[in-house]
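Just one chain is shown here, as structure tokens, and it is the form predicted on its own.
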């Protein structure tokens, strides 16, 4: 089935994905869709399933590596305003799955609600952050999630309450569908105190991240009770390059795609780090980035 013919106003063919990802490398999506409504999204999922066409959801592109040869099947992006709405009722905020984390933090903080500031400086969307239980030293998003509304792998819309949600270190049990909205329970706080804490978290995070002008992604996850950066340093790899891909000098858990880099460069550097760290330290690093 040709989804572009079935959904001519929604689906385009051979859409470049590189510029939509943190590394700014990689090929095109065989088919690409930006649904305008929930009904559009459900129809796309059901039609893809019926035709045996694989599909993926693209959030903020902050934790994916697009292969040079591109992505087969359908890539879905929730960039329509329908999926970026915010509503606040007392201390509960309902956030669209396609809303950027930066906008979610800004809106809730302006309302005098604290909780999401732990994500200051983390790229991506609300849906991606909840699915991966994003966070940092100051905390994770998982503890604040009250419920999630998603389109599951069959194309059905369902709401999952807190009792059915499971969050682990940079993981959850929500990777079987597409998050379209989430309700989070936050806390009232003095806006001045909140702003001061946001600035502190931002400064601490910026001290470790690559320069904002660089095309970089956070690749290596900390093993339980260990620091991935320390393990990489023990293996003597900080600053190592493969082609035009380089481990960041600020934090070797990041890989920087230098001008002219390919997805293959990044992937080969990942494989080199995984092998060398295990050889030198016996620890097996896990990936924070999804290899599409």
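Given the structure is predicted, the values throughout are model-derived calculations rather than measurements. Numbering follows the first chain given and starts at 1.
Another form exists, predicted in complex with a small molecule; not displayed. Remarks below refer to it.
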Any chance all of 61, 128 and 254 sit within 4.5 Å of the small molecule in the predicted complex, going by non-hydrogen atoms? yes
Exactly one residue in 209, 107, 82, 114 has a non-hydrogen atom within 4.5 Å of the small molecule in the predicted complex; which is it? 209
Going by heavy atom distances of 4.5 angstroms or less, which of 145, 178, 74, 93 would be at the interface with the small molecule in the predicted complex? 178
TL;DR on 84 to 92, 129 to 137, 186 to 194, 156 to 164: the one with heavy atoms within 4.5 Å of the small molecule in the predicted complex is 129 to 137
Verify the contact flag for residue 200: yes if a non-hydrogen atom of it lies within 4.5 Å of a non-hydrogen atom of the small molecule in the predicted complex, no if not. no
Please run the contact check for residue 7 against the small molecule in the predicted complex: heavy atoms, 4.5 angstroms, yes or no? no
The small molecule contact in the predicted complex: residue 53, any heavy atom under 4.5 Å: no
Contact label in the predicted complex: residue 205 to the small molecule, heavy atom within 4.5 Å: yes
